[in-house]
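Just one chain follows, in the form predicted on its own, and it is written as structure tokens.
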């Protein structure tokens, strides 16, 4: 009896040693709502509102709700386009900075009920949420904390309004997968007629209380900008490389790269628009990003483990533009073709394992939940894949099992050639996924993944191999020029400071600035003789393109003259959002003006005490 019991005990001990179970989680790990969110990867942004009619990016707050009347709006058609483009959901700007609510809100009269659309009984948020459910997409909501319309903004009364608006949209429109809080806060605005600048103190919005409300109403809703997810660092869509899913609650970090071994799981979202602006502008119909450009953005966001939210704005009729739909369709085709064949599928694998339940075979089983983990003692664990047949590939996809944390700090991809093993790529972060684009296609029958550095035993879910599709030659990604007047005969005839010829030389890498031996504070201007009298319909301002915000002009004055002595104030206003989105800004005049001279004045700068411009251009009237 004693011998039999001892034999059973030894059997159990042997089995326990062979099936050790998965490694313990390492460091910060995702909440289930964050994990589900990260696996969405790609979804749409929809900027739609009064700015669509006023041709602005940031409304001032004094716009007339009567402008809003999209006579051909069809939420189902828009959402269907997103589904056919391979998107997992969409987020609607239910309220932008102008304070106009796209649902009938009890908190304000500056809402859709004051518009003529649907006879004043419309609810655009409901129509989009219903369309998403019908088409099988997840629905998200953007509610701007900044409200340039509300008289109480900057005071305690508005905070209660803002929190009530959050409650309204979360209680009324079904499951919301993400709520988006923009970082643009405070500044000039209408504010109930005050027309003044208002600033807010730290903690003004009481976001911890707002998040607590969100958690109670919709526990699975990811809070962007106030808890669960972070900005990817630019409005061009890309995030940093290497890319970490964690941030540190005690040390400020770079949202583009994250913080290695941070104490808080806070994955990134790359955001960009299919057009230069976020709202629809007719002048941008020829400047829709082609599918090849979208593929680059996708590789630099989703391909680095972040999510990508791609803005596609409806026009004034309430429909998506034909160029936008065509680009989305081709974007889907290219992704489908890329991922249609995984050359690592059915490969045999060799490598050590600390647990037979987590053997190298798990890398190619098509299941993201399974994973390979090596023996604990290995300093540089390696796994080798033998393909079914020699294959030519140039994209390698790697995934970690992020339920257990982001563990890998360095890896190398090697292929076997006639001369032996050759390293074709070395990288650092993996995380949810990394899509490695090799510098050139390689043909091989064996591939080796070597983990060169890892903070804990690596847990790798997948190795996959793909071949990039051929890109269509017509898709250059170069937009048509907005400023269609030739600059070759232009001459700068006056400038308060600096070399203003750099702002009209056609080179975006040069710039006019008024910081010479010492900073020259705004306002600063220069005058240009364009050589011949022309009917001018607008102008363009390209901010400096070197990544520096010094002198970025966010308020301007544009004047025109026939003789260089008598001036007409043709336009004055703000360039919205240029810090985050430093792309060419186009300003249309109320009506064309015949002129030979223009004067551009920078009235205010975002940083430092001078003015800058990479290029100023003119738009000729038809």
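Positions refer to the first chain, counted from 1. As the structure is a computational prediction, the values presented were derived from the model and not from experiment.
Just so it is clear, the following notes concern the form predicted in complex with beta-L-fucopyranose (FUL), a form of the same protein that is not shown.
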| query | finding |
| --- | --- |
| Residue contact check: residue 490 to beta-L-fucopyranose (FUL) in the predicted bound form, 4.5 Å heavy atom | no |
| Residue contact check: residue 57 to beta-L-fucopyranose (FUL) in the predicted bound form, 4.5 Å heavy atom | yes |
| Any non-hydrogen atom of residue 271 within 4.5 angstroms of beta-L-fucopyranose (FUL) in the predicted bound form | yes |
| 4.5 Å heavy atom contact, residue 548 and beta-L-fucopyranose (FUL) in the predicted bound form | no |
| Within 4.5 Å of beta-L-fucopyranose (FUL) in the predicted bound form, all of 184, 278 and 577 (non-hydrogen atom) | yes |
| Contacting member of 407, 243, 96, 432, with respect to beta-L-fucopyranose (FUL) in the predicted bound form [4.5 Å, heavy atom] | 96 |
| Sole residue of 228, 342, 462, 235 within 4.5 Å of beta-L-fucopyranose (FUL) in the predicted bound form, by heavy atom | 235 |
| Segment assignment from 61 to 69, 549 to 557, 25 to 33, 41 to 49: heavy atom within 4.5 Å of beta-L-fucopyranose (FUL) in the predicted bound form | 41 to 49 |
| Members of 127 to 161 lying within 4.5 angstroms of beta-L-fucopyranose (FUL), judged by heavy atom, in the predicted bound form | 142 |
